[in-house]
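A single chain comes next, written as structure tokens; it is the form predicted alone.
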Amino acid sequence: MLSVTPDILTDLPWGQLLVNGLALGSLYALTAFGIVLIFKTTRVITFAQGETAMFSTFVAFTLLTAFQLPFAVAFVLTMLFAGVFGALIERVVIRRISTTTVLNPVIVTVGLSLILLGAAGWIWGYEIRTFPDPVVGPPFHLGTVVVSQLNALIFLVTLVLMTVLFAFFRFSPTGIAMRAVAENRMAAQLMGVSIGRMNALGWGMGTAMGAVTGMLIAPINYLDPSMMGDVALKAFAAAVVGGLTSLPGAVVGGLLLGIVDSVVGFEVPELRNTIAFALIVLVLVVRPGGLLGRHETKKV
């Protein structure tokens, strides 16, 4: 039986666990941000976010190994590929599906995830590969806390992307149009906003966020077609905790889940997933719309 005593809590390396949790949570947050962005723009809950990220990461791997491109160049090109890939999925597949019921597009995204798994295995094989490290060098020391070069890069990339995206949605005409579509699709359309264009852009940007996660987590773990399974599941959980209607909520949910993952994984590894999802249930019981989301009620 597990008993938590004050001594156990005091003895935990809280600083290190917090840093590790924030790094992991940043990756959850990026993927969750993409899931929420797609949902807010198109009202489609995608279960293919992990597989589109995995497929894009294999594209990055090809650019790095076969074409010997610098990591920064491969990173940008892969984000562009993922953006176009996501927009094509929306235009070619999602747009042609009846959205009169919630299940239709959801089932299709599940099918897409299975198709991408098979396609990646067919093209690149199922063996586990090592993804090239984007940065090398000694870690940073902040007292007793050690921050690896990769974790520092994860913090930097997440901060830059979140700042750029929030500025984009706040100040740019396209970002404001996307927010308008998310708030009221009919009103936005009457104001001259192209719903189809915003839907494709939402899918493209959301897919690109997942690709960033894939490229940053592959050096930590490994590269194979199933690499994003656990990450995508935790990211979806983070999106639900933060609120599927809130982009800041996706970030908060991702960071919170990362910290819980780090602490519980250090102390009780076998309960890592159990406690993480128990947190989801607790949050949704108290706040059905998530921490920062809105609980929408429909009048019949």
Partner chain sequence: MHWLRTRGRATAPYGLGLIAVLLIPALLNVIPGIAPGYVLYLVSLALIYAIVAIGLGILIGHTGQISLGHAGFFAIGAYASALLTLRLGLPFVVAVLVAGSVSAAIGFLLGLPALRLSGPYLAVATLGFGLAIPQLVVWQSSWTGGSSGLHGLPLASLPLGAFTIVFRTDQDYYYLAAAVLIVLTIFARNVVTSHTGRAFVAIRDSEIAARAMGVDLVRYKTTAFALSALYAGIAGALYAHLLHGISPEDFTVLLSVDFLTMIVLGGLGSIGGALSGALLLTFLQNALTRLPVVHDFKNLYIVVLGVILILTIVFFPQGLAGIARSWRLRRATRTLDRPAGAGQIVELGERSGVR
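Residue numbers count along the first chain shown, from 1. Not measured: the values here are computed from a predicted model.
There is another form of this protein, the form predicted in complex with the partner chain, and it is not shown here; the text below is about that form.
Engineer: Is Leu12 one of the residues lying within 4.5 Å of the partner chain in the predicted bound form, judged by heavy atom distances?
Structural biologist: Heavy-atom contact with the partner chain at 4.5 Å: absent for Leu12.
Engineer: Quick one: is Thr62 in contact with the partner chain in the predicted bound form, heavy atoms, 4.5 Å cut-off?
Structural biologist: No, Thr62 sits far enough from the partner chain in the predicted bound form that none of its heavy atoms falls within 4.5 Å.
Engineer: Do Leu27 and the partner chain come within 4.5 Å of each other in the predicted bound form, heavy atoms counted?
Structural biologist: Contact check for Leu27: no, nothing within 4.5 Å of the partner chain in the predicted bound form.
Engineer: Is there a non-hydrogen atom of Pro139 within 4.5 angstroms of a non-hydrogen atom of the partner chain in the predicted bound form?
Structural biologist: Because no heavy atom of Pro139 falls inside 4.5 Å of the partner chain in the predicted bound form, the answer is no.
Engineer: Using a 4.5 Å heavy atom cut-off, which residue among Leu37, Ala48, Val240, Leu256 comes into contact with the partner chain in the predicted bound form?
Structural biologist: Of the candidates Leu37, Ala48, Val240, Leu256, Val240 is the one lying within 4.5 Å of the partner chain in the predicted bound form.
Engineer: I need to confirm a contact call. Of Leu156, Val110, Val135, Val164, which residue comes within 4.5 Å of the partner chain in the predicted bound form, counting heavy atoms only?
Structural biologist: Filtering the options by heavy-atom distance leaves Val110.
Engineer: Given that the partner is absent here, state which listed stretch (72-80, 88-96, 143-151, 209-217) has heavy atoms within 4.5 Å of the partner chain in the predicted bound form.
Structural biologist: Flagged stretch: 88-96.
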